[in-house]
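There is one chain below, alone, in structure tokens, taken in the form predicted alone.
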């Protein structure tokens, strides 16, 4: 599906900061001044090592966390401020999240039909019980599950099937944006491919946009239109998938890409992974600002660092 980058973005995040006060003397700065945009029908991949702030950004965007500062605009509505009842309804129906662990995010005491239909019940989006049951069975079929699965409990499913239930719970509200928070990292490789292909098929059918959070670069390359590279709460580099993989600028991005295993054993034998240590790199993320490389490619660094790398 062709993406129109000339129109208004569906999601616009500007200078987002998310700090957590641990004590009177110590504050964790999980996200520091992150900005990016997601357009209708687009998949924006957010990559980085564990602890870089990826999941925190996803939870801030969907307002599970109240942002420390910055602005988040979703479909023309500023959702950073205190939300009105209408804003909450818009946010809770048009933006959904698929969580990382399908077991802990599903209520073990509820049947699948009640887990999936909870959003319908809260927002009263059906006329009668028969319509509710039909919507649930239709969405189960869309994610590759049988209608009889509706009466089962989460522990009766495999990991891949539980993740499909999580996807169905998000899709039944017909959202414009889905935040997929490492939704395939706990699954076997073959099941990962099935789930990602399912998400791509659903996107083609519904036109939903994805914020795809992951640390598997190969999977991000496969599903994403644009990619943002995150480290220590800073968005270091962002651009199209082709730009990031063919012309990485930042040393951290280069180190991530060099760590991807090669399927060819001869090439893999000679592959050398580049090392990167922020403490010894001499780079100060707080001093950097965006440099436009070309197209939609941006790198956060100082003028001197950019001149040295580019």
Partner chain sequence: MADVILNVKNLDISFKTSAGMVHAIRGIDFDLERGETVAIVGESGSGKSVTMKAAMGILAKNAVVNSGTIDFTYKNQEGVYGSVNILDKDKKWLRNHINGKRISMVFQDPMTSLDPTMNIGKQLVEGMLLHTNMTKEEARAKAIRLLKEVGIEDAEKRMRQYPHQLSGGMRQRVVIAIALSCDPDLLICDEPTTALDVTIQAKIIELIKRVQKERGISVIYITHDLGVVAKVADYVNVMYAGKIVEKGLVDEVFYDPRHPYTWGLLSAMPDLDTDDDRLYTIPGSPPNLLQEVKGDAFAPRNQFALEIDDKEEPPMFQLTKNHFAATWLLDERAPKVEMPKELRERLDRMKREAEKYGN
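Keep in mind the model is a prediction, meaning the values are calculated, not measured. Positions refer to the first chain, counted from 1. Rigid core: the largest C-alpha set superposing within 1.5 Å between the two forms.
Note that the form predicted in complex with its partner chain isn't included here; everything after this is about it.
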| said: Please tell me which of 94, 133, 101, 114 lies within 4.5 Å of its partner chain in the predicted complex, judged by heavy atoms. | reply: 101
| Does at least one non-hydrogen atom of residue 270 fall within 4.5 angstroms of its partner chain in the predicted complex? | yes
| query | Is the gap between residue 119 and its partner chain in the predicted complex 4.5 Å or less for some heavy atom pair? | reply | no
| message | So, residue 194 and its partner chain: in the predicted complex, are they within 4.5 Å at any heavy atom pair? | response | yes
| message | So, residue 215 and its partner chain: in the predicted complex, are they within 4.5 Å at any heavy atom pair? | response | yes
| message | Suppose contact means a heavy atom within 4.5 Å; in the predicted complex, does that hold for all of 7, 63 and 87 with its partner chain? | response | no
| query | Okay, which stretch from 79 to 87, 123 to 131, 147 to 155, 171 to 179 lines its partner chain in the predicted complex, with non-hydrogen atoms inside 4.5 Å? | reply | 147 to 155
| request: Can you tell me which bits of 215 to 235 touch its partner chain in the predicted complex, meaning any heavy atom within 4.5 Å? | output: 215, 218, 219, 221, 222
| task | Could you tell me whether the Cα atom of residue 204 shifts by at least 2 Å between this form and the one not shown after core superposition? | result | no
| message | Superposing on the rigid core, is the Cα displacement of residue 101 between this form and the one not shown 2 Å or more? | response | yes
| said: Would residue 267 count as moving between this form and the one not shown, using a Cα shift of 2 angstroms or more after superposing the core as the test? | reply: yes
